[in-house]
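This document starts with one chain, in the form predicted on its own, laid out as structure tokens.
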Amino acid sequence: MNRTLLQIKVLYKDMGKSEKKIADWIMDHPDALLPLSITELAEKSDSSEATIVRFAKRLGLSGYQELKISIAQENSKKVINQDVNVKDSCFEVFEKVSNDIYCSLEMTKKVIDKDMLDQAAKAILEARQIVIFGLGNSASIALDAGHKFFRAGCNAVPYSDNHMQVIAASHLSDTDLAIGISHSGSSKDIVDALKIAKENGAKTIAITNYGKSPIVKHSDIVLFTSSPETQYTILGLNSRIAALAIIDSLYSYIVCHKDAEALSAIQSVERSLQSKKY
């Protein structure tokens, strides 16, 4: 038996009523755990997010994410790509990854809310200041968003340090905008930073994988990505491309809707950057 599942059985008698509900659900559905956010598991097991974290720590794990990884790895779940195997050439791997990216983009088009995408673009245009939060795999997306929005003439700054995220969020007001990027929607630091931003009156946007998760609770606007990889891996690879596509779409909209003075400034930036090329 999977060592984590065995540990659950060993400690079961010492668990509280709510923890036993979580244990029962996981024991009955070990293969269904990986794609679930902590919020979704809480609903399915009739428990709470805090109880799930406590349950994971009882097993000697740091939290829910480590619990998912532990069960997936011990069940021999593939954690990179369900189609890639050791016999593939690098080009064959490239083809499979490209196909997954295409699927992720198509799935994202189906789940993203058109009205919320419009609201996000207008919120960016109207914001006095924009802060963008991302950690780990999402840090590069936050950096890309900050670069594009700043290049488009917005006062945008990305933060990938969890202390700086809290500091930045605490200085926001009702004229500002905070964007949190988290594939799982369960990154505690990102969720906490958005919560602080919202409490200070700032509008908040989340870019996250489709489904219920903690980040949604603290977001005025939610832009969902969707990817088949969430069924077999904890790491958002193809969904990262979908998030970047959302950022590119927002950037293009912003540039098209800037006033004449702002467009002149953007063009000036583009001319200045030409000196950096041969």
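Counting begins at 1, following the sequence as shown. Nothing here was measured: the structure is a model prediction, and the numbers come from that model. Each form is matched to the other, and the largest set of C-alpha atoms that superpose within 1.5 Å is called the rigid core.
The form predicted in complex with the DNA is left out here; the points below concern that form.
To test your reading of this chain, name the stretch in 249-257, 214-222, 24-32, 52-60 whose heavy atoms come within 4.5 Å of the DNA in the model of the complex. Partner-contacting stretch among the options: 52-60.
Mark E43 yes when one of its heavy atoms lies within 4.5 Å of a heavy atom of the DNA in the model of the complex, and no otherwise. E43: no contact with the DNA in the model of the complex.
Considering only heavy atoms, tell me if S70 and the DNA come within 4.5 Å of each other in the model of the complex. S70: no contact with the DNA in the model of the complex.
Counting only non-hydrogen atoms and a 4.5 angstroms cut-off, does K17 reach the DNA in the model of the complex? Within the cut-off, so yes.
Does S227 reach the DNA in the model of the complex, with heavy atoms at most 4.5 Å apart? S227 lies outside the contact set for the DNA.
Since the partner isn't included here, can you check whether the DNA sits close to all of S37, S48 and Q65 in the model of the complex (heavy atom within 4.5 Å for each)? Heavy-atom distance to the DNA in the model of the complex: all three under 4.5 Å.
C-alpha of H218 moved at least 2 Å between this form and the one not shown on rigid core: H218 C-alpha, core-superposed: shift of less than 2 Å.
After core superposition, I'd like to know whether T39 moves between this form and the one not shown (criterion: C-alpha shift of 2 angstroms or more). For T39, whose C-alpha is compared between this form and the one not shown after core superposition, the shift is 2 Å or more.
Rigid core aligned, does the Cα position of H257 differ by 2 Å or more between this form and the one not shown? It does not reach a 2 Å shift.
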